[in-house]
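Presented below, as structure tokens, is a lone chain in the form predicted on its own.
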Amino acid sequence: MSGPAERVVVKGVEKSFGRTQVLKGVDLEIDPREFVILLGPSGCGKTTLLRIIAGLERSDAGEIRIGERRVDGLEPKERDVAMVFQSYALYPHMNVFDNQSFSLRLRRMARTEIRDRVERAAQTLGLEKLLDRYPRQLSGGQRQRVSMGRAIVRSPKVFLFDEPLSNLDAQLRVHMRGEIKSLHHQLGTTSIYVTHDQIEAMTMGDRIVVMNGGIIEQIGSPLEVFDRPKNRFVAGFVGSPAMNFIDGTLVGTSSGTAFRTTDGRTVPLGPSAPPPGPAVTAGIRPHHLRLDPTGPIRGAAIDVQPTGVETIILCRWNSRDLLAQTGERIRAAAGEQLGFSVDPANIHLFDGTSGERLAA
């Protein structure tokens, strides 16, 4: 049902609201049929960028291309894109059929074609038995399906999703993530999806675009961004629970370079570690910390949180919190000293001043 997928090119896009610059010269290329996630904290500019692509906001500088056309001077209806909103944006006085067919009726499409498109979209999304219902009679997940159906019937070249799952409960979000990704594979349309949820980004995207403060920090596949974050911001934002950061320096030892913490403990690094030098920050993901009574990383237990599948351990070490994640079911009294070790290959090193990743 979808139209031919198109390449989307964003070049030098800038946008300010008053004195606040929200986008600072953003460049991005999205391939046809690709599912790209715009990920970042609130205020980073991701939704503004999406709205500029949709034509709901005008940029101050730069250009947007969809396929061979430059579209930043076109109205939204002329861009051949469809947007799925966080709030569903359904007309409460219209039933499901009329909500999905509204844009087609505005185009004065033939009634038989409208019915065919709506019924095919309803079949794709499991809405066949709900076409006569009104939004107030639907669950949150059903409303979101209707919102997606309204986009599908238009056969757009690009789908735009603005945090479409944020209003759903946790269990339904998991289900809808799978439905949206399955729908993308089925339709083969270029898709751009905005979220601040790292799990959505990791499980849904072909590539993740990590944004912060109006710029793009890193672009890569989910595992590329997770395994080799470009800088400390990306390392701290991508991944749940968040990465631990420990300040220190790189020092030379008889067995090679080691990381020395500010309280004097030494953690050996691998043979490919950078040479000794100025201040650095070591990043360690919680699941890479192994319980080890003789380990060089030590902390006083604050809280132990069993989840059934794993245990999350919160410790205090050298005036900062340290989070560990283990498959073991352990108990620890408040204040009890716990030791941890880590494989040197799982230690990320960042420049202590710039925050940029140090080459291994």
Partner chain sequence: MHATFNRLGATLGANGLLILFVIISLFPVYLMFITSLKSQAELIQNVFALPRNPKWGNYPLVLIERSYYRAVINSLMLAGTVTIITIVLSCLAAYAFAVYDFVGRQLLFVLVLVGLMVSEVSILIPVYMLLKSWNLLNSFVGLVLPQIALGLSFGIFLMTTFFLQVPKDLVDAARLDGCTDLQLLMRVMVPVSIPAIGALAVIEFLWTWNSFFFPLVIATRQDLMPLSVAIIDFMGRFTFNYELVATTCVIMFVPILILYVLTQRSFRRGVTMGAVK
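Numbering follows the first chain given and starts at 1. Just so we're clear, the structure is a prediction, and the values are computed from it rather than from any experiment.
What follows is about the form predicted in complex with the partner chain, which we do not show.
Only one of T257, S103, S155, N231 comes within 4.5 Å of the partner chain in the model of the complex through a heavy atom, and that residue is S103.
This chain lacks the partner; the member of L28, A54, I312, I302 within 4.5 angstroms of the partner chain in the model of the complex by a non-hydrogen atom is A54. Listed stretches are 245-253, 125-133, 262-270, 75-83; the contact stretch with the partner chain in the model of the complex is 75-83, by a heavy atom cutoff of 4.5 Å.
Taking the partner from the other structure, the partner chain in the model of the complex has no heavy atom within 4.5 Å of any heavy atom of I199. Though the partner is left out of this view, H93 does reach within 4.5 Å of the partner chain in the model of the complex, counting heavy atoms only. For R150, a non-hydrogen atom is located within 4.5 Å of the partner chain in the model of the complex, even though that partner is not displayed. By the criterion of a heavy atom within 4.5 Å, L223 is excluded from the residues contacting the partner chain in the model of the complex.
Interface residues of 330-353, taken as those with a heavy atom within 4.5 Å of the partner chain in the model of the complex (partner not displayed), are absent.
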